[in-house]
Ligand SMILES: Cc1cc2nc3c(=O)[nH]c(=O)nc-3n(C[C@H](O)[C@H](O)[C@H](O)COP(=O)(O)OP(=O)(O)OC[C@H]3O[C@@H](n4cnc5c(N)ncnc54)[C@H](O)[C@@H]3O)c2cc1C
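What follows is a single chain, given as structure tokens, in the form predicted on its own.
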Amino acid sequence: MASRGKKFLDSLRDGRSVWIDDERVDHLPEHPAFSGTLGTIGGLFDLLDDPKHRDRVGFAVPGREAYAHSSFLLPYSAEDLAKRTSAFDYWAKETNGVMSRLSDYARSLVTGWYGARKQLALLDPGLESKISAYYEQARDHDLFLTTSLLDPQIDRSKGLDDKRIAERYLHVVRENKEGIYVSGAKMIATGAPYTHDFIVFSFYRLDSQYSKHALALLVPANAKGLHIVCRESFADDRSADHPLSSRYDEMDAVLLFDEVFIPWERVLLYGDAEAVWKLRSHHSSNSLAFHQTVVRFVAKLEFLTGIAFAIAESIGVNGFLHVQEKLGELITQIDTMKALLIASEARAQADPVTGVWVPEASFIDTARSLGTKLYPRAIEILQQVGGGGFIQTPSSLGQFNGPIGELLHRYFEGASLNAENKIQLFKLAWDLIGSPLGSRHELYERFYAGDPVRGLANQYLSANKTQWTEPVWKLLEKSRA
């Protein structure tokens, strides 16, 4: 019997329209832009077949002799929530926190909707059955899921009242008794080429007049008329010189919809802007999904910090006070994010309507907002610790076995490492801070959670501000007495 990883790779041969370098890719697992990443994902899927690991990353589905990934586990207790955390942490550490969209985020969104399916049925009578059927299908068939929520950057100063904008944003062009046809574009779909389905909805709240744009859809990646347009590949098959780029380049893409047919069972909502907004902003489902992003971010900070420590030791600067200060700052980053994660779980409560055990959202929101500032600073510290050493490395590690290998071993030696190991370490660090993949990651961490300015403003707007202002007025009242 084929392993889950093999089944996943085979499932991608389904006629999807993936475009890169002016070429339509028919066999993703063999293409150099995707082979390393898909090998990594296939290995993660295989963990659910391994008795040594499956309980760490999955759970036994009631009534079935099978394991599913714990992103599909609906938590009703602190123990269930901890099991989800453990699964996220394991996958994140297996990929050094560098792969952010391994499907566990989007799966958690669906799981949260499933937990609130009866409550969400108030938005539309058919929503409960659609969510239930899709959740079970995704769980039982190991579906890889991702989201595509943002509208294309055409003219941000214009809105849907501008015809040019309205025609390019995703909208319904016609409908019949079987479903709807949609055209337009969506971005940014991370993991798009190898996902099974896209979760697509409006990221921002729409006015009721824009009913044709008010959509919440489950779109198959091989839907006719859907084109997945990839950015330039950052993959590099020289794993010794590019250990991250060769394994972890999760592709980003723009989705182009050319009258794509979506059957009604995959149209969660259509035409009701307020209902779409309530689904998009549903508290418990978002909390479960956003919780995963913080677990992953902690793993990434830990990995970056480990590289910085190793670099400092390798060139003998870890004894300098100003370097120690910077390395200590990295530790405070990790501890801050861990503390927020722990707090969100310690303050978790059962949703009063659904009973689902939900992490405290305020701590998760704070962690996500902080992350937009902490990661660029962490990259800056790593750059400062290694300095010019990052651009004083041989072009290939293979040169150590060449004609001038003896000289390289002599002059590239480190304080605590031989030359070859030191250069390998610096190449790893460069892959995170200076390569195309590394630059993409800094941009990603700044914006993956949306506009960071809007995120912080929303924390202010949604906060119970009285708890902080009331003591101020009480003190002033006492002063006047």
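Quick note: we count residues from 1 along the sequence shown, nothing fancier. In this text the structure is predicted, and so the values were computed from the model without any measurement.
There is another form of the same protein, the form predicted in complex with this ligand; it is not shown, and what comes next is about it.
If you check in the model of the complex, is residue 349 within 4.5 Å of this ligand, heavy atoms only? Although this ligand is absent here, residue 349 would stay clear of it in the model of the complex, with no heavy atoms inside 4.5 Å.
I'd like to know whether residue 443 contacts this ligand in the model of the complex, with contact meaning heavy atoms within 4.5 angstroms. Residue 443: yes, in contact with this ligand in the model of the complex.
Taking the shortest heavy atom distance, is residue 252 within 4.5 Å of this ligand in the model of the complex? It does: once this ligand is placed as it appears in the model of the complex, residue 252 has a heavy atom within 4.5 Å of it.
Taking heavy atoms only, is residue 450 within 4.5 angstroms of this ligand in the model of the complex? Yes, residue 450 sits close enough to this ligand in the model of the complex that at least one of its heavy atoms falls within 4.5 Å.
Pick from 298, 87, 110, 189: which residue has any heavy atom within 4.5 angstroms of this ligand in the model of the complex? Spelling it out, the residue with a heavy atom inside the cut-off is 189.
Name the residue from 64, 56, 454, 27 that puts a heavy atom within 4.5 Å of this ligand in the model of the complex. Contact with this ligand in the model of the complex is made by 454 alone.
Looking at 277-285, 259-267, 180-188, 222-230, which one sits within 4.5 Å of this ligand in the model of the complex if you count heavy atoms only? Residues of 180-188 come within 4.5 Å of the partner.
Residue by residue through 405-425, which ones have a non-hydrogen atom no more than 4.5 angstroms from this ligand in the model of the complex? Contacts from 405-425: none.
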